[in-house]
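Below you will find one chain, with nothing else, as structure tokens; this is the form predicted on its own, and questions on how it binds or moves follow later.
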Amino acid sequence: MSRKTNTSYVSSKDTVPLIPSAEITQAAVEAGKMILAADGVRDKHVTAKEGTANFVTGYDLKIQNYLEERLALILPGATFLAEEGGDDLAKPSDGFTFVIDPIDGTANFIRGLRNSSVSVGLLYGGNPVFGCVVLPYTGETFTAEKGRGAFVNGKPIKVSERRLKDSIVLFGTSPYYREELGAATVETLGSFFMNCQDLRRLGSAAQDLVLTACGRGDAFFELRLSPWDIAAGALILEEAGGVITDIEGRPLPFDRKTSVLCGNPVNHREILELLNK
């Protein structure tokens, strides 16, 4: 969904965005508290969207509405691109665009698996300049502002230095596109499994990205994700010293769906070499 508020908000220099990062972070943290408050009623009002195992709950909509209203007050003039508004991938504006996933890992949320996240990315001129991913079940908030490093609960983070053979590779299966991408996903997983330490599937791409950013995982891939899955986590990963591209090594777009491959500078290069074989 894409919409626009009434006024513009830029710094006095007109070329450098002034980012109210603390206020945006607090809004995302409050959204995370709404996820925690849903225990016991999380599976109410579940509907299916297009694609296999693609669900939306009343809490997805409630949290998204909260974030859009709160963030529009924090940063007047920003446009919004958010998951629960259909499949409108309109090009981000030349100014600020919030890219929101209110509950990344909705299937986990419905089942009480406690692996879900809130993702709030901020683009300026179509490029990420701020990202916040909240993991409500662990009490962790990951943030990054372009050029200023990446943090979890205010403490600096960085990617691991592990080679591919020693890496834990996180992955997603793109279940919404199973018929189209299922065989390629399984083939890619096989290549990784024979060349890395082990694999992990958590069910939230935003969480996978920030766990790679702080070195708990060493790499991550998925063959198709939307901008709201990656806008925040991609910047956090890069600011933590990581490398993130599509599966062929090209820069990520943020105005359409894309494959994603990330890791540290060493294993990312090794993975591209492996996949090119």
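Note that this is a predicted model, so its numbers are computed, not measured. Heads up: residue numbers just count along the shown sequence, starting at 1.
Just so you know, the form predicted together with a small molecule exists too; it's not on screen, but the next bit is about it.
Note on the partner interface in the predicted complex: the residue among Ile244, Ala27, Ala219, Leu225 having a heavy atom within 4.5 angstroms of the small molecule is Leu225.
Screening Ser174, Thr188, Thr79, Thr141 for any heavy atom within 4.5 Å of the small molecule in the predicted complex leaves a single hit, Ser174.
Among heavy atoms of Ala205, some come within 4.5 Å of the small molecule in the predicted complex. Although the partner is absent from this view, Thr106 contacts the small molecule in the predicted complex, with a non-hydrogen atom inside 4.5 angstroms. Among heavy atoms of Asp229, some come within 4.5 Å of the small molecule in the predicted complex.
The closest heavy atom approach of Arg163 to the small molecule in the predicted complex falls outside 4.5 Å.
Checking 68-76, 148-156, 97-105, 127-135 against the small molecule in the predicted complex, the stretch whose residues place heavy atoms within 4.5 Å of it is 97-105.
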